[in-house]
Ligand code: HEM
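Consider the single chain below, provided in structure tokens and representing the form predicted alone.
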């Protein structure tokens, strides 16, 4: 037996973690670009100082370490929350190829159908699953860059220290791409932003009945 308990689509703990992640990603990317400019990977690519965080590379590194710990702690809390509450299973699965193609087609015509904000469309599901995987990889590669001696098995796994830098850079690029698409989709459906600020509509949360419980 199960009973239903109304709750907000986006509970308060989730909203706090979401916006904290957003701020932290801004710090990590801006400071990461400052660090990159000090020792570029691609000679043709540098980031404008106006888009970086930190007066110089060492200052950017301090900001990067500051953001790193927030990202790791908040990210672990976010992952744990999603798994323990079953939110990932409810919101991200199943992911069907036909639904994905249909949503992409709608997005290209600026007509994403999202009447029901309690469910993610296929593109959103793919983006969230992908950014979670990329987030885990960027943390692993970042720790390896920070402590290459202590994490020497990971350096070996990636092939070389330079390869670790490349993986970290491309993970950063993927996250920036996610943010751009995420914001674009949110602007196409503004009520999703409102829901993430205020919690959204109430939905029924099915929970198992406790034996002998009075109603």
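Positions refer to the first chain, counted from 1. Note that the structure is a prediction, hence the values are computed from the model and not measured.
What comes next is about the form predicted in complex with protoporphyrin IX containing FE (HEM), which is not displayed.
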item	value
4.5 Å heavy atom contact, residue 182 and protoporphyrin IX containing FE (HEM) in the predicted bound form	yes
Residue contact check: residue 19 to protoporphyrin IX containing FE (HEM) in the predicted bound form, 4.5 Å heavy atom	yes
Distance check, residue 166 to protoporphyrin IX containing FE (HEM) in the predicted bound form, heavy atom within 4.5 Å	no
Non-hydrogen atom contact residue 193 with protoporphyrin IX containing FE (HEM) in the predicted bound form at 4.5 angstroms	yes
Partner-facing stretch of 157 to 165, 57 to 65, 35 to 43, 173 to 181, counted where any non-hydrogen atom is within 4.5 angstroms of protoporphyrin IX containing FE (HEM) in the predicted bound form	173 to 181
All of 70, 74 and 146 within 4.5 Å of protoporphyrin IX containing FE (HEM) in the predicted bound form, heavy atom check	no
Contact set, 150 to 167 vs protoporphyrin IX containing FE (HEM) in the predicted bound form - heavy atom within 4.5 angstroms	none
